[in-house]
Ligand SMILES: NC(=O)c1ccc[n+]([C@@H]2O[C@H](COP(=O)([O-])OP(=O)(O)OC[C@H]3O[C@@H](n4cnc5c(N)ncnc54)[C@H](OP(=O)(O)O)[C@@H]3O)[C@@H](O)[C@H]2O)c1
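Just the one chain here, the form predicted on its own, laid out as structure tokens.
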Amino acid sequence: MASLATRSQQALRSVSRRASQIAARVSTSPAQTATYSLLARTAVASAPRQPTVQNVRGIKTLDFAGTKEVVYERADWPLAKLQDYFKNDTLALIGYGSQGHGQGLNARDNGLNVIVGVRKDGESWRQAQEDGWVPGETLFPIEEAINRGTIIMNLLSDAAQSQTWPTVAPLITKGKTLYFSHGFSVVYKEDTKVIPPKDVDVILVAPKGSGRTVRTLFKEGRGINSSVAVFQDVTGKAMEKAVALGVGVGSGYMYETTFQKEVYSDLYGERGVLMGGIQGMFLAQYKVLRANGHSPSEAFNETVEEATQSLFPLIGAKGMDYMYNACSTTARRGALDWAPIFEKANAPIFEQLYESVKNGTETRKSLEFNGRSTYRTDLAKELKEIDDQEIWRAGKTVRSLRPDYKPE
């Protein structure tokens, strides 16, 4: 009798084949992306003839504000082509945190042969089992997973990659491919001691979002943007392999970078506008409003709610100029006047931040903190301090008033 994992894989492959056939019949235009949307929505499918493996367009060059860049799109890799390309490979996904969870499930849903390697009987092992990975079939201790895999996807945390490298490195033997989703360990090798073997391809696919977003956008049939890079090309096909894996783990389109540029921009961005900067600016604006007699609900709505629920979505959909045009004339005038002032005030901070990333200061801080035996306790304390801030306590009440609110 087939095991549960085998039956699940058979069902997924059936869904994949059916989705690929439908998309292939529809068009070889950008509508080919419907393949992946159908994959997420189809619950039951028959097993018709295998569709013809085809390349849709190949890479193309686009103009990004006057600079020509090569981009790679999901439509260039229909599921049948993707599955055929990796038919002899086993993707050994090491680590089952945020990215491991999202990328692993997406690759599995795309019909690729994926196994997971984590510490046996740990929290990640339990979570992987809940997601349908089966011990002895698709779930293994780290060393065994690496030995079984041909493409080793090292998705452990940056600190864990450094700590486990002495054990992992000897297992990355000739003929395997070493995959990362962050350039951290390789670029800052003086601190991490992660130096890849010379006889393997070393590639990177870096989704521009959390693992949860990688999974959510895939299930919606959309796909996240990712960067791809090659650190070492032994086979001559490292970039092609990186792009295919990018599609396999749920990317919608990809652009080229280097390991160094990826880690510099990533550490810089998340400490800046994406997370650190936005928390600091939210809190500063909120506190000034409160100090001037505004209520918590008013201060939160004017600082966070309007930004996240009204204005930021407009920027994401159409751009900053569109958002300005969608606002009142009074708001538009004030924003145009004050934007250069904020830019001038913040530029020195961003220059300082970039230098801190570039010279390794941020790396050493991360390795020290994330490598502590008390890491989880220390982190929980810091996160609780944010959760306890009045701005975010007020936010919980504001969110509960949204018409589409669902209890947290």
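As the structure is a computational prediction, the values presented were derived from the model and not from experiment. Each residue number is its position in the shown sequence, starting from 1.
As for the form predicted in complex with the named molecule, it is not shown, yet the points below apply to it.
Among heavy atoms of Gly122, some come within 4.5 Å of the named molecule in the predicted complex.
Contact check for His182: a non-hydrogen atom falls within 4.5 Å of the named molecule in the predicted complex. Contact check for Tyr375: a heavy atom falls within 4.5 Å of the named molecule in the predicted complex.
Residue contact check for Gln99: one or more of its heavy atoms lie within 4.5 Å of the named molecule in the predicted complex.
Interface residue among Thr173, Ser210, Gln285, Thr150 relative to the named molecule in the predicted complex, by the heavy atom within 4.5 Å criterion: Ser210.
Proximity to the named molecule in the predicted complex, defined as a heavy atom within 4.5 Å, holds among Gly248, Gly223, Gly95, Pro78 only for Gly95. The stretch from 105-113, 302-310, 233-241, 174-182 that comes within 4.5 Å of the named molecule in the predicted complex, counting heavy atoms only, is 174-182. Shown here without the named molecule, the chain has Ser157, Asp158, Ala160, Gln161, Gln163, Thr164, Ser181, His182 in 157-184 lying with a heavy atom within 4.5 Å of that partner in the predicted complex.
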